[in-house]
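Coming up is one lone chain in structure tokens, specifically the form predicted on its own.
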Amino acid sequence: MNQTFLIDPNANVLFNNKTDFCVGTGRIGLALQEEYQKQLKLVQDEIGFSYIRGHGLFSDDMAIYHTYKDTNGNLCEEYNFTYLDLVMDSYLSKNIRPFLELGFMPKEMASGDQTVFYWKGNVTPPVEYARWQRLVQATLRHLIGRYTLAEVRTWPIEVWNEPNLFGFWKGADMEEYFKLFEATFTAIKEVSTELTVGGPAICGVDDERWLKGFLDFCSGRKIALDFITRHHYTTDLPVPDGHYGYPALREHNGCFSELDISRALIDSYLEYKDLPIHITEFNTSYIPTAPLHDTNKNAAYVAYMLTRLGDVNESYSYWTFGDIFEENGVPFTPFHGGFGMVANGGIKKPTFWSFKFFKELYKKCVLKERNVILTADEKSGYYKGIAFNDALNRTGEDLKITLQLPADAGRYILITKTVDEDTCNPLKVWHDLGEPSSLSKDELALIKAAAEPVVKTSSIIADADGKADITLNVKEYGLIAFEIRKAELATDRGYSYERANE
């Protein structure tokens, strides 16, 4: 398949690149683990996200909420922020702020015993909403006291997670969630009206009915929402096999239409028109045991998502940055289909590079097509772009993209960084090694070496018509980041590259 594009450097194409705004994590209590912190540091050093969102702020492993009886037998409450401080300090030290998700229910406050995940997050309403409100307020006041209101008011606050699913909210009870949301919203705004609050954090199951019901409720109660949150996954039901699930990817356009519907629905309410939408979770598959996540196919598919997710959404948070993650239990192997862009051991999966490449783009977009995006630096006139060859299923077709760039006379350099099944495929190396569940030091080093892009350069001379053509050959499930900039020779006296290479 061949594609050719004539580039207009004065074009200004819609591309709201919020790739680095937020990233997901497993429950935040995992931040107390050393490997978790190593993976987060790797991601922050090389990509650098502004926010991080995860479950379990009030789950029992964080040990925040406690009750006891005084000498008269009265029930008393107390709060322990020891682990909370350690986690928040660790985030801020890595230049990443929390996107606070309020949940799940502490066991001592819960009205029932329904839990979710291996780590048993309680998903029932509070036995008494006043107790929940006091917990929320005590936590926020502690954070403000420790980090200042000027800091904490920059942390968005989301109420619960996917209440439209029976597994995450008892009975998927819409009215009960609305009660929780209003009580939480009121409690937060009593602490400070500068704190920002949103919801309903729904996934794509019955999402239109839920979102409309939520907006109707908030409108009727005159709740001045600060933002809306929802999730976005793009696969069908997985086919289970042993520890794993094998889902089929859905067509992009159908997935994006769901987001367009959400935008239109929100904008149909005068008081909520243009309210920011934060996609607080997105990925291909919604299970943490989908081998798809570890593949080049995933990286190429996500690359196309990143070109368009900012069209109608304020942000979109990839679920998750790393594979220290225990929803289904502790994984058996280093490659197990985990959500993370980094596998355990600090191995960069191909999707890691989708995010790094998009983070490095210039702000001005001059071309956004189905398989390529090109950005320009207005001061220098240099270009950075990404080409990708995604497909729902294997076709065997490579992609050839030619860009005809206007250029002043002179010499340029084309830099390419290629991630495809032949050049940057740590999963294949692990497979070729026999899929060991425990990696030796040498095996880990070998896989990590195979997890880096192949970098190539070439010289380009602009022709007499003031044009420089570049051609990119993108293999199936591959992506190529490329950069074009001036590179005039400044040769030292007597030096000859050509003679040196005779």
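One rule holds for the numbers: they count along the sequence shown, beginning at 1. What you are looking at is a predicted structure, and each value in this text was computed from that prediction instead of being measured.
Beyond the structure shown, there is the form predicted in complex with a further copy of the same chain, which is absent from this document and is the topic of what follows.
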Only one of 142, 250, 212, 359 gets a heavy atom within 4.5 Å of a further copy of the same chain in the predicted complex. Which one? 142
Heavy atom within 4.5 Å of a further copy of the same chain in the predicted complex - residue from 236, 128, 432, 274: 432
Which one of these stretches, 402-410, 133-141, 370-378, 236-244, sits within 4.5 Å of a further copy of the same chain in the predicted complex when only heavy atoms are counted? 236-244
a further copy of the same chain in the predicted complex: contacted by all of 5, 182 and 196, heavy atom 4.5 Å: no
With a cut-off of 4.5 Å between heavy atoms, is residue 443 one of the residues that contacts a further copy of the same chain in the predicted complex? yes
Answer for residue 79 alone: is it within 4.5 Å of a further copy of the same chain in the predicted complex, judged on heavy atom distances? yes
Hey, in the predicted complex, does residue 35 get a heavy atom within 4.5 angstroms of a further copy of the same chain? yes
Report whether the minimum heavy atom distance between residue 58 and a further copy of the same chain in the predicted complex is within 4.5 Å. no
Judged by heavy atom distances of 4.5 Å or less, which residues of 441-478 approach a further copy of the same chain in the predicted complex? 442, 443, 446, 449, 450, 454, 455, 456, 457, 458, 459, 477
